[in-house]
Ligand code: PMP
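Take a look at this one chain, the form predicted on its own, written out in structure tokens.
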């Protein structure tokens, strides 16, 4: 089933065979990969595990995702890029996204010469299921990208809606769950992969796990897609320091849970504070680690906060999000300084 969806050059790809991918077992002397015999820090003179085996086993132990269904990317961006190159033919195929959504899907499609079909959300910022099903029938996208919790709105889409779209889509459906850890009672689409092997889920260690600088995205798919991804990715795509940072983050799960709880509390507090400001028009409910709100003049507020040394995100260019600002939840001290600045602007 999956094989027929792949680009033929990917289906017939003979992967690069690196020195470390050919080796298994234990050894004391490594003279196979033209590495330096000495490094500036422990083990840095050696190439990293090309398959991130230890990290994936730890992810399986802590997060519950089977290691034969996971692969690690240099951030979720690398995974998104590779999925498009694996399944969508340049100059012929298209992908489909809901709008507003994370902009990288469209950027990587454009880089690969793949058209993008935008399906606007409903007025309540939910998935327009009827419109998406019609676009699937008419445009036949090779990949449908769904971001839940959505960036930039913070809204979670019901798993039943995602299942309906994925089941109707004969191509690949990718559900980006980067902010899932911050959502209360979240139902992951991972549970639907067994019934629909065309479904792919993305997770990340950049948000709740606090390892954005390590660039660690997680692909979760049926084993068939996982194996093809392992063939198509660069041989050493995840550096050793990043793999070690990922291990530290995943193993420190109690600290992660405490940080998530604090983030949720501050998210609720910030939403309440923003609602109390006299110039706030609307605060959008959020299940992510950010809050989106609408003001009369987002550009003016953005510039004012920048002048105070506070960087937020103006999302006004997105459809249905005119004059909106997205604020990431920061530390208690950062939130206090933000609130002081927002109060001064209102005065």
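Here the structure is a predicted model, which is why all the values come from computation and not from measurement. Residue numbers count along the first chain shown, from 1.
The following text describes the form predicted in complex with the ligand, which does not appear among the structures shown.
Every residue of the trio 151, 178 and 216 has some heavy atom no more than 4.5 Å from the ligand in the model of the complex. Residues placing heavy atoms within 4.5 Å of the ligand in the model of the complex fall in a single listed stretch, namely 202 to 210, out of 220 to 228, 202 to 210, 84 to 92, 238 to 246.
When the ligand is considered in the model of the complex, residue 121 lies well away from it, no heavy atom lying within 4.5 Å.
Interface residue remark: residue 76 is counted as part of the site for the ligand in the model of the complex, having a heavy atom within 4.5 Å. Looking at residue 147, you'd find a heavy atom of it within 4.5 angstroms of the ligand in the model of the complex.
Although the partner is absent here, residue 273 lies well away from the ligand in the model of the complex, with no heavy atom inside 4.5 Å.
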